[in-house]
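The chain below stands alone and is given as structure tokens, in the form predicted alone.
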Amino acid sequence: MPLIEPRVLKGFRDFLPPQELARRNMVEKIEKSFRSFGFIPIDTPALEYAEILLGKGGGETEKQIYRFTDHGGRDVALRFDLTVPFARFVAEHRGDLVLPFKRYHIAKVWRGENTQRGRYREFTQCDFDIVGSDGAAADFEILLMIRNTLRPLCGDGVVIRLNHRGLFNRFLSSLGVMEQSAEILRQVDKLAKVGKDGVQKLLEEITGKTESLRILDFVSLEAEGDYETVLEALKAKAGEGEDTRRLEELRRFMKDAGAADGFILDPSITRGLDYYTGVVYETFLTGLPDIGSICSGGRYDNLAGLYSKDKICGVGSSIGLDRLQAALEILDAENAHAGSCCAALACLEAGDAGKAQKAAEAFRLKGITCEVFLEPKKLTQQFMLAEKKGIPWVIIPEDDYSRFTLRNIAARENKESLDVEDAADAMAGM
């Protein structure tokens, strides 16, 4: 019988330990940030009835969805994001939730789209949402969470660009092209991919040349200057309304919180999905403009209404973990390839496994993650093994495991005759 060639589908991938460790480290930091704001985790099935997912995805998404008939003859599909399943979740469990409800969900999603750097057909999203509050405070909390979660990972080069769907819609109404708004939004959302000339051609097919040029002029106002200057220019073109007042209130919150830097008012940010109704935003790294948005989202007040008669407003965002990891690998960010453990306990005798595990547990109780090496190889070989695995310290037993020599792998230096507490303090202090 011939061997089956080991291979994965295009757009899918395996993760070797260094990459998976980096992912887990990122997820731990992201989850810690989410919880610090009082958000709690949920989970939903990977498979949903197709009608659940197709109801609001919109043009391009429907073409990318993985859809099939299961063994029971049901029309099902793999989730393409975590927001639509969350809307179904809220409608189904409304009686069990205390509003405002703050949730996060970190899980895989699937889209049959073209692959590129940082973009795959199976990928992980880190979603965080607030439902049951329609105020600017909820919008601002999501924006602040983006900033506070990504800056420790990526540095100060995190820039959040925001806009308001209502403001753009009012401008389209003044041009008499509001009926084509959904398609116009999707084309404007392609600015970063195809450029102004490309989008102008796409818009001209929908609205005609004059209107397409006016739309491009409107979405290019970000070049006018700072947040306040751009907002005044937008009001001059579209007038004032609830949307401009919301953008003014958000700016005041940013300043009051001491977080005014890193936010840019950008009318070209529209988000292509149909379900957004209010503030929308995308997040970029100034050092890597070509990698695209690593976190995006907005307000979707009418989404849950697809599955419930009750109107449940919501606002949220999603970090693309795979794109974020690709960015950090390019930036060579600190701990991008950190090892699984802080230390490894060297193996001197195969028959000492019990003593070795007892000693390792003593270090773990001191907060030091500790792996036990299992085979009694030469110490130089064990040092090399630790280096390959990204483990910075090797603990060498002395005096029948009552004291230890501590080997700093990077410095090639030893500290001898330490008890557990002193060795743990030395490792924690580095």
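Note that residue numbering begins at 1 and tracks the sequence as displayed. The term rigid core refers to the maximal set of C-alpha atoms that superpose within 1.5 Å between the two forms. Just so it is clear, the structure is predicted and the values come from calculations on it, not from any experiment.
One more form of this protein exists, namely the form predicted together with a further copy of the same chain; it is left out here, but the text below deals with it.
**Q** Are all three of L3, P100 and I130 close to a further copy of the same chain in the predicted bound form, meaning a heavy atom of each within 4.5 Å?
**A** Yes, the whole trio is in contact, each within 4.5 Å by some heavy atom.
**Q** Counting only non-hydrogen atoms, choose the one of 175 to 183, 319 to 327, 203 to 211, 121 to 129 that falls within 4.5 Å of a further copy of the same chain in the predicted bound form.
**A** Every other range fails; the passing one is 121 to 129.
**Q** Select from the listed residues L288, V194, I264, A91 the one whose heavy atoms reach within 4.5 Å of a further copy of the same chain in the predicted bound form.
**A** Contact residue from the list: A91.
**Q** Given that a further copy of the same chain is left out here, which of A138, V188, V230, L150 has a heavy atom within 4.5 Å of it in the predicted bound form?
**A** Filtering the options by heavy-atom distance leaves A138.
**Q** Test of understanding: in the predicted bound form, would S220 fall inside 4.5 Å of a further copy of the same chain by heavy atoms?
**A** Flag for S220 set to no.
**Q** In the predicted bound form, does R412 have a heavy atom within 4.5 Å of a further copy of the same chain?
**A** Contact check for R412: no, nothing within 4.5 Å of a further copy of the same chain in the predicted bound form.
**Q** Decide whether N25 counts as a contact residue for a further copy of the same chain in the predicted bound form under a heavy atom distance cut-off of 4.5 Å.
**A** Yes.
**Q** So in the predicted bound form, does any heavy atom of G225 sit within 4.5 Å of a further copy of the same chain?
**A** No, G225 is distant from the partner.
**Q** Go through 3 to 39 residue by residue and record those having a heavy atom within 4.5 Å of a further copy of the same chain in the predicted bound form; state none if no residue qualifies.
**A** Contacting residues: L3, I4, E5, P6, R7, V8, L9, K10, F12, R13, D14, F15, L16, P17, E20, L21, R23, R24, N25, E28, E31, R35, S36, F37, G38, F39.
**Q** Examine E28 after superposing the rigid core and state whether its CA is displaced by 2 Å or more between the shown form and the other one.
**A** Not so; E28 is displaced by less than 2 Å.
**Q** Rigid core fitted, then: does F263 show a CA shift of 2 angstroms or greater between the shown form and the other one?
**A** Result for F263: no, shift under 2 Å.
**Q** Comparing between the shown form and the other one on the rigid core: C-alpha of F80 shifted by 2 Å or more?
**A** Where the cores coincide, F80 still shows a C-alpha shift between the shown form and the other one that is 2 Å or more.
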